[in-house]
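Quick heads-up: the structure tokens below are two forms of one chain, split into structure 1 and structure 2.
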Structure 1
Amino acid sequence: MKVSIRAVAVAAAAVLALTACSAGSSTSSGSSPGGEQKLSIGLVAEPASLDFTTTDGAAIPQALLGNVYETLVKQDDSGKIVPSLAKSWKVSPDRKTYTFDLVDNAKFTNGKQFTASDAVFSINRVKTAWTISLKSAMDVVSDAKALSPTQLQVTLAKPSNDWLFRMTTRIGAMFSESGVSALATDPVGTGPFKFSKWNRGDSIVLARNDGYWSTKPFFQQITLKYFKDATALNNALLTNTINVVGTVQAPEALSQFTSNSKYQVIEGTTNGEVLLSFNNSRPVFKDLRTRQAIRMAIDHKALLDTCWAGRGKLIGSMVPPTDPWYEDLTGVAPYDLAKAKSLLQASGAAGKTLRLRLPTLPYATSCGQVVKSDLEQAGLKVQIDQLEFPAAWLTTVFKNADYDMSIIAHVEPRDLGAVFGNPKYYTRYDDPTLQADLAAADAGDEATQVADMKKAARRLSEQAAGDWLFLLPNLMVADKDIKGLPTNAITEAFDLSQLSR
């Protein structure tokens, strides 16, 4: 997650550099741009553990990735892969061997120097010690070795563009061999912040890492404070308990901040495609006309206005605008009630009852009602079931695929292949053409990848494998004077190192 208004970032960096110089002249040592300044950020969903190698969920990498742990390569604000702990890298002509040149001045917070052997250890450890499903992205690696303390060579079993991209996510996090004994409570990384304190049930405190190898962050201390309730989160900002609302949970409550000059509201995009998923293994969804009819029966603009206060973006397929292969595909199945009705008549689905099983998440609950009413106007019957999230939904819909339709935001980056490329996934979508496009995209060079992914996204939309209701917006509210907040939230990390006042 990076700032997407580059000018702001550059200006902020310039200011930081200036203040650093003046501070350096007046104080003898250890002084950083923001001195002792502190910041509190309000977030939802506290992590259950600090160990993202064995516990799933977005909350842990949000707090730790990029802040405490660093990766060899990371994504910049435009979605491009850029250097981090690796200064540069080369890909062999057969696209199977990657040679990384690493920075030589990075240190772990336990005092150990970061070297290529730590990188080898971290990469191998994903295969042996990690338990979460994301680890499978490392399966393609056949060998990793240290050519020198600053040079790392990774060999893949087959060419894969996806592997380098996944190295920007949590599986690319670099650990110290002597720092993995207590990952759940004592994380050790090379990042701009170090883990300071976890007040369970309340907050996680990160402190500036004064031995950081690159530009030190502005704030001396950043507290991530966790709220279960959207109202409590907003109240905390209104009463100065926190300075930033990291993720707005109730967009309809934004007006109290937009009308107040003390605050700034930031709106960007995320990777969160809110998908009306179809269980493609059900007979009723075997007919393309039924699937298209459902997409055409939904008035997406009106739906977004009703259930998410008009905030968000209509995308029309499984690609957010920050991916290089994004195209606006909202025109593939435009809202057309009459056509939807006749398609349903033709396919014989008219009058059938579909079970819409919704997780208890705000967007799913409110959008589900609109979907039901739209589809009933087109001649389907819809029965809504609420399933407690995560436990009940995961078992019923996700694992057992006991559903006709559901609504869930797929927030993982570049997840088109994961959601629709695997016939065993809960969408049960089996399309050899799509699978071939995805495989070609992964093996080819950059231009091929973009072209093939475009093809795949368009096919998905034309085949109506699901319906993309909208893309969740990245909404933040903050004190007016806070700079460096990321406009788009497109990675797992919440980059705190760019924040300043």
Structure 2
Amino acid sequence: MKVSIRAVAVAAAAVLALTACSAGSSTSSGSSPGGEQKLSIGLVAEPASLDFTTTDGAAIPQALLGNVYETLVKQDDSGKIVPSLAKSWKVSPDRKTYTFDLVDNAKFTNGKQFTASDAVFSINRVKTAWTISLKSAMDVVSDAKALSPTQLQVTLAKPSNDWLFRMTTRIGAMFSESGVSALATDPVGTGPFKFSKWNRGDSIVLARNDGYWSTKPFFQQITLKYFKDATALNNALLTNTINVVGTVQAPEALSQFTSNSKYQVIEGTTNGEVLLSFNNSRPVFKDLRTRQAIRMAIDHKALLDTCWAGRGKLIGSMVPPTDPWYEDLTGVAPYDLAKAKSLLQASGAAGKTLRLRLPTLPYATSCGQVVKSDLEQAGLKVQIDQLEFPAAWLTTVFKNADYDMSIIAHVEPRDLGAVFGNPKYYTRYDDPTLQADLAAADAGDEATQVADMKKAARRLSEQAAGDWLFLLPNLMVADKDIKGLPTNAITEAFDLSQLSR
């Protein structure tokens, strides 16, 4: 199987809400007196570190992947895997050996040439030095070696449909062996931008990499600016402090922009499933009837209308419409308050108190109140705790699983297996049947993969491993003259190189 070379310079942007990573300067971007083109983008939830090899969450790859760091392959805006640092590749008939032909003119921002040896180092380092749970996607690699400075061979222990796709994500990022000593504060990559500075609590500044090996970006400086709340974020655009609202956090306030010809509104889809997660290791969630009752107690249409102004999509499981195995599974657990009450009585959960621990993110705070109201009408008691995001939520809920329920948008692409196929993940969900479906999907041909992933998604919904409140929309607002903003956000990266005015 041969993949032909294509001149592709698009990596679809994922401006989602699990940990939107942004920052900026205090002045609106435009042309400086010297003619320098600058841009400022407003986002929420500043990352605690710039090292996505040891720190979970989507904020870091959103800012750095595709901008500072590059991968061998990437996704275009349709989700197709296309060349990046690898200009072409071929796969052996047994689907276990991948041979990549690499570009010969890429350099890291520390001046070192990118070669196949760096690719070997990067792949092996995922297995030996990374600590985040997503690293497990590299376990299938049995060997990586440089055949020449521009040719890499990777051998898998078994065929895997998933592995090449995962190489478009953060685990596929290419590092310089001499550039990993300060990943948390000084990232080094081959991308179109280089890290400039981090004003903690305010902004991250990226500067154009004028030594970039491919098409250079339009903007010489892009500032990602963090905001604590939706009103401040919107006001920053209205007062020319920023040029782009990268993740709209108050959809109900969009009318102030749609009615003003100065601005443009981008609306599309994402792969950010807003999950009401259950701690499945807790005794109360061991009973399927309790889990089903919680799902049926929630009026999802009313919830979406109330907490996100009706923007988004109801999905019913952990698969967005942009994935090949999507099915509308909202009918698996329709709203039925009477049945929810009956199930809670039958399971013995009625009257019990569940602790809903929420990150301080607008969608979680807003939707959490609706969830509390709906569940209490069904006979549960719900105690809401607010946890500062990202640090406190990641430590308390994600790392230590000290919670009963939570609400978070999972924005990593094709993340059903990561969230529910690993019993050690914070959802603590352990279902051998689901795990077998996922394994069969990974090993089979394309048709088998689609069929088995559909089986996995349906089982997940029928077993009520969590509740999928809705799929986040991609909502952005920007100055009218900004070009290149993505309609859909289906990857971990926000590709800043495509932006211009």
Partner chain sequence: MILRLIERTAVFLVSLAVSTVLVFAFMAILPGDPARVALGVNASDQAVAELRRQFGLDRPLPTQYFDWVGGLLRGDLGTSYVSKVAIGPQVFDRLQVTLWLVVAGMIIALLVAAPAGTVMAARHRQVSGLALSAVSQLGVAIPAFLAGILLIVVFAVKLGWLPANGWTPPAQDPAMFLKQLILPALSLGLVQGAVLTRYVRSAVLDVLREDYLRTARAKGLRPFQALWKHGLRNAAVPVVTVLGLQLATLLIGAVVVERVFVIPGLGSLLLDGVSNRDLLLVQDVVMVLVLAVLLVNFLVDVLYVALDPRLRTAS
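It should be emphasised that the depicted structure is a prediction, and the values quoted were computed from it without experimental measurement. Between two forms, the rigid core is the largest collection of C-alphas that superpose within 1.5 Å. Quick note, the numbers are simply positions in structure 1, starting from 1.
Which of these two chains, shown alone, is the form predicted alone?
It is the second structure (the form predicted alone) rather than the first.
Among S317, F114, L354, P473, pinpoint the one at the hinge where one rigid part of the chain turns on another between structures 1 and 2.
From S317, F114, L354, P473, the hinge pick is P473.
Can you give the angle in degrees by which the smaller rigid part turns relative to the larger between structures 1 and 2?
So the smaller part swings through 20 degrees relative to the larger one.
Report, to one decimal in Å, how far the Cα of T396 moves between structures 1 and 2 once the rigid core is superposed.
Superposing on the rigid core gives a C-alpha shift of 8.9 Å for T396.
Relative to the superposed core, what is the Cα shift for A441 between structures 1 and 2, in Å?
Looking at the C-alpha of A441 between structures 1 and 2, the offset is 3.0 Å.
Supposing the core is put in the same place in both forms, how far has the CA of T365 shifted between structures 1 and 2, in Å?
It moves 5.3 Å at the C-alpha.
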